[in-house]
Structure formats: C-alpha cells, structure tokens
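Read the single chain below, which is given as structure tokens and is the form predicted on its own.
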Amino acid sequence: MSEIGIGVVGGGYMGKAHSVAMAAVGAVFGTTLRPRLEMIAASSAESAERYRAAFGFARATGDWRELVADPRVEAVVIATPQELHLEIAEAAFARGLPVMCEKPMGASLDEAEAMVRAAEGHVSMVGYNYVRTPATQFARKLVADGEIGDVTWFRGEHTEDFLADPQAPASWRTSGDANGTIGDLSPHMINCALALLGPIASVNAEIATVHGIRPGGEVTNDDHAQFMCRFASGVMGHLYFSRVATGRKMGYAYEITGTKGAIRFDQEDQNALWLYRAEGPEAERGFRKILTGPAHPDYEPFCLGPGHGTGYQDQIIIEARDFLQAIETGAPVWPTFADGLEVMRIIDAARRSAETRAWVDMAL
C-alpha cells in the first residue's frame, strides 16, 4: 500500500461528501492507494479551516491555487460551482495531477471542450455518482447481457421539488443557464441514459420556466425541460427534468422496455430494482422487486446482509475507488472528461432544439 495526498477544492455539500469518501475508501475497498487528506480549499481561509477541522485534513487554504501548487497534493477533487471548474482543472493538469471534477463540466460547452483538451494524457473523471448504485450497475449488466432482449424504449427523469413553491425566494439557483434545470439536474439522467443505452443520435427538446417571478427577483433560467431522443442504436427515448415536481425529492428514475422483459428503477428506493421477464404462464407474470445484496456490484464491501441497503455516501465512496484505480493503473475509468463532454454536447443540442423547435442531430 502507498499513500496519495488528496486536495479537495470546495468544502460544501459535495466537498464534504468527497472528503468523507476519501477518508473511508481504503477501509471499505482495501485499495492499494490510500488517500491522505492533505489540504482543503474554500472561498475564505476561515471557512477552509472549519472544513479542515471537521473533515480531518492536515492543512487548509482560502486560495485554491495554493492547493494545486502544493507538492504534497498528488490528486485533486473539484467540488466548486461550475464557473471555477475549467480554471482549476487546467492548473491541476499543468502540474500533471489526476483530477476528479463534479458534474457538470464547466459552465458551457466551450469550457467542457477546453477541459477535455487540458486533460489529454492525464487521469480524469467526472463525478456522476447515481449511476454507481448497485441496482443501476446491475441494470446496466442486465441490458448489456441481453436479459430483457432488444431494447425498444427508454424513459428517464430527474425530478425534484426544491423550487416547487412559487413563494420560494429567488437565489443563485434561479439565475444563469448553468444553474437552471437543464444545466444542473439534466446531466445526471443524460449520463444514465448514455450508460444504459449508449450514444444519443438526435434530440427534440422543450425548455420552460414555470415561476418567472419569485420573492426577491426575476427567474432567468429554466424550471423544467423535456426531450424526445433517438439513440444511435435506433431506440426511442424520452427524458424529463424538473426542480418544480411537487412531491419528488430524488426522482432519478428510469424505465427500459425490451422484447423479452423490462426494468424499472427509482432512486427514492435506491436499493430495489424492478424486473419483468416475459416468460412463464401469463397469469403469473409481473414485475418482481429485487432487493440489492452482496450478489450485486459493489454492495458486499459495505454490508454482508441482503436488503440492508447502501446509501448516498456509499455512491461517492465507490466513485473514489474508481478514481484511485484509474490513478494506480493509468487506464481510464468511465466517465472520463471525454465522456462528460458528451453529456454537455447533448445539453447544447437540446438548447438549440428548444430555440428552433426542431430535431437536432448530434453530428451537427
């Protein structure tokens, strides 16, 4: 075993999640590389020191540049707002450091393309954690192995209700395209669709703001969006994203229909997968609820009991394992920055489609 010094930029929601994951991943997965929580950076020296004390880092700084330049920092995790992703990534890659960056990559397609160029020859990974649940990893295997036959249809959604109340005040979330639903929530489900069914060939999108005025100001980005799509395989699909979906807390959900069966999943019940097989007497057919357990991918390191379940933080720990594996082997682990760029390309195509009210081919 050998140590690797980890620097985390950002100590908020995702900064905490990644810090906890790096502290736990060695014990959970027995990784050869063992993270050393070397330095954390935040927007001020005071907040960085609070995070350092809370998460167990050796040092703290109010300047991310100091973290990236520090010789004891050997890998960087970016957990800041999107507008900082490009500059931090470029600086880290210039030092030859591996980088894991929270989604979405940058605040625009141009920035994402620049991040891919900077990442050339270096280890990179984008933080798409939800696709790493044991249930979704198992669904991905079922589809790849042909267990539900030829896929004919996909429906995916990422729906939440944190802005469903029209009286919820305007904030940073209600300003700027990158903070709208198509910029913030859609990347997770688009990434999931790509993981399960492969490349998307064309899209036809609608993007809308439901509550244009909130207490404190005007809303300048979108509340929800939807698009029809065609996968490169020919499969039809529909994706919907919303931050005003009343009653939905973590509606990362999908349905996959095939010629021999079907799959359903909902992140609000993340330890269950619903599987239908078109076999046996018609009177006995129906969706069967499968509770995840040690027989499913990446479950056993957390718990030996079937049905006991894994949680949100465990997804981030699996992600940390994958990042360390990529560093150790030098082999890319999905999704790399290049894979993340494809998500941004689809979002850009959806925006163009909504503006022109027409289908947009991804090749264009």
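Source: prediction; values computed, not measured. Residue numbers here begin at 1 and follow the sequence given.
Note that the form predicted together with another copy of the chain isn't included here; everything after this is about it.
### Message
Just checking whether A94 would be counted as a contact of another copy of the chain in the model of the complex - the rule being heavy atoms within 4.5 angstroms.
### Response
No, no contact at 4.5 Å.
### Query
So, in the model of the complex, is H238 in contact with another copy of the chain at a 4.5 angstroms heavy atom limit?
Yes, contact at 4.5 Å.
### Task
Find out whether any non-hydrogen atom of L341 is located within 4.5 angstroms of another copy of the chain in the model of the complex, and reply yes or no.
Looking in the model of the complex, residue contacts with another copy of the chain do not include L341, since no heavy atom lies within 4.5 Å.
### Query
Quick one: does Y312 come within 4.5 Å of another copy of the chain in the model of the complex, counting heavy atoms only?
Y312: yes, in contact with another copy of the chain in the model of the complex.
### Query
Are all three residues A23, F138 and K249 in contact with another copy of the chain in the model of the complex, where contact means a non-hydrogen atom within 4.5 Å?
Every residue of the spot touches another copy of the chain in the model of the complex.
#### Entry: Which of 105-113, 142-150, 81-89, 118-126 sits within 4.5 Å of another copy of the chain in the model of the complex, heavy atom basis
That would be stretch 142-150.
### Message
Please tell me which of V73, M189, A178, A164 lies within 4.5 Å of another copy of the chain in the model of the complex, judged by heavy atoms.
### Response
Checking each option against another copy of the chain in the model of the complex, the one that comes within 4.5 Å is A164.
### Contacts with another copy of the chain in the model of the complex, stretch 281-301 (heavy atom within 4.5 Å)
Those in contact are E282, A283, E284, R285, G286, F287, R288, K289, I290, L291, A295, H296, P301.
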